[in-house]
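Just the one chain here, laid out as structure tokens, in the form predicted alone.
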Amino acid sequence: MVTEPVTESDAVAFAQTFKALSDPVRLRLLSMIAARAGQEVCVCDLLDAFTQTPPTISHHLKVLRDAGLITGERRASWVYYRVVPSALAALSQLLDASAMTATADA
């Protein structure tokens, strides 16, 4: 839970992360990768879920990588992705409203 305001540098970093997540395709990609519960997923398994072309999906994955939300490892002609748990934990902590709910309920 947020116990004090974020610093300016943290705000910039969070804004970049949220900007990466502001696209529905990227949000779906992240959720599909995260749904593997810590396991990796091949880009080949992601492509069929979208109408966008493979280069477009690759661009969206690059944006997520650049934001630090996922990592990728190339093996032969495919790239395998997994989430960065610490990045998702930081977002979760920032968005955790349980302290506000507990205070409002008191």
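Source: prediction; values computed, not measured. Counting begins at 1, following the sequence as shown.
Just so you know, the form predicted together with the DNA exists too; it's not on screen, but the next bit is about it.
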item: Distance check, Val25 to the DNA in the predicted complex, heavy atom within 4.5 Å; value: yes
item: Close approach of Thr56 to the DNA in the predicted complex, 4.5 Å, heavy atom; value: yes
item: Exercise: Gln52 in contact with the DNA in the predicted complex, heavy atom 4.5 Å; value: yes
item: Heavy atom of Cys44 within 4.5 Å of the DNA in the predicted complex; value: yes
item: Residues of stretch 62-89 in contact with the DNA in the predicted complex (4.5 Å, non-hydrogen atom); value: Lys62, Arg65, Arg74, Ala76, Ser77, Trp78, Val79, Tyr81
